[in-house]
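Included below are structure tokens for two forms of one protein chain, each presented in isolation as structure 1 and structure 2.
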Structure 1
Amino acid sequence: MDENELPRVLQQLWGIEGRSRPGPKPAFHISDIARAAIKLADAGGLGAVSMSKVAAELGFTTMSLYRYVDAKDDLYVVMLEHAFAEPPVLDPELDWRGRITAWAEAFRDALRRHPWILQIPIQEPPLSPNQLAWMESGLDAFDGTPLTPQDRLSAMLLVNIYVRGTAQLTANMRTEPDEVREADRLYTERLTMLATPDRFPGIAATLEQPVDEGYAGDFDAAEFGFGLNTVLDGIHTRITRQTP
């Protein structure tokens, strides 16, 4: 494929020399734009990111950014590439389940560090270097299994969707342990008052059950582990069916 068929932002991320643009020599690198945009997003969410604010953070004019990115969607590509960075190195001594668990936890941690990632619309599959490296790492987790390449891709995407879904669900929840416990206590009291056994028997039954120590004060981690293991149980069943 002709290198110029790639969007300019991907040419820069891959280090491919595309057609040069007229004008002065670039004053900064695309990674500088990424760092400035990520700083703004980490502080104020995705809504705090604009071409003008990123340019101001760098000390340049808005028009100067257009030598690097053609539109805000390109800016998002750059931000994702640098926010995720390289994927984790998976321990080859682990089995497929241990490897994909490590991959999922690293993915979850990246989303926790930069929750604004969840606000970026997914408009097309990834093509940037680090994003493809994450995909390759997720596929490598299933080495040694009888899954076909397409099955491995589907399994990796299933785990990806689960991680994004749980991160989306808990993105705005409190994270300080004391705040979590107090919020949980208050919610339980109110739910107990409203969810009467005659009208909501299923909910009432969960309230009557003793709280598992693994859930107390760490609902996010406990729920994540339960859901991930359930997803992996399904993949395990698929692998077992395909094992000669």
Structure 2
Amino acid sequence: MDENELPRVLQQLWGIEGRSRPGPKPAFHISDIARAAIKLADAGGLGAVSMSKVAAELGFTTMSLYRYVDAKDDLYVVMLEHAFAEPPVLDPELDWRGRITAWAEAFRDALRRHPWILQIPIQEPPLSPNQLAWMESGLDAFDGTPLTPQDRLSAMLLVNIYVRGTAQLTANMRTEPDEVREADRLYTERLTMLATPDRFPGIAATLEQPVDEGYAGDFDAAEFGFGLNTVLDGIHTRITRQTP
């Protein structure tokens, strides 16, 4: 095997400690950076996270961060890793459908806690410990089904994509529900003005049906499960087709 070393961040996240070396002791740890950055992001979105702001939050200079992190992208990796703490422990009593549903809801909750996750530009597939643990947890949900490992991966990714996608849609995630409602009202108003029935009959039809009050709050509760069940129905079809 060649000296194809892992990037430094991943080494640190996996706890591959370097032997004791000369020089001053590090004043803090990447987990401190993660905490500070997440605090800023939770409060003001990903845009509020800059090297200088994070450093200031820690009480150090901007450049000191670069002793722990090679570039801004690495900061994102560390933030993600800490935002996704331990994956949910899935009840083995449940069937695959119950398990993957619990997994999806845990994922959704994490995204709701840290909406900035959706703003992070994804450059590379995940390799950090907690990310892999979530992957494993999602795959394990299909234990007992006749699905092949590849099919399980596809199914898990499908659910993953669904959760991300729906979260993205509601990612007008202003923390204030009033703002969400107002933005939604303005949107439907404009849509009603622009999507006239003659040119956009399909869109207009969806607008005619009165939207439930408290729509924003209801979406996550009802609509999320509704769409998820559609996805799971598709996976179910594949499973039954697998065992004729």
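Whichever C-alpha set is largest while still superposing within 1.5 Å between the two forms counts as the rigid core. Note that this is a predicted model, so its numbers are computed, not measured. Sequence positions of structure 1, starting at 1, serve as the residue numbers.
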Two forms of the same chain here; which is the form predicted in complex with another copy of the chain? 2
Could you check whether the CA atom of residue 43 moves 2 Å or more between structure 1 and structure 2, using the rigid core for the fit? no
Quick check on residue 196: with the core superposed, does its CA move 2 angstroms or more between structure 1 and structure 2? yes
On a rigid core superposition, how far has the CA of residue 187 moved between structure 1 and structure 2, in Å, if you could check? 7.6
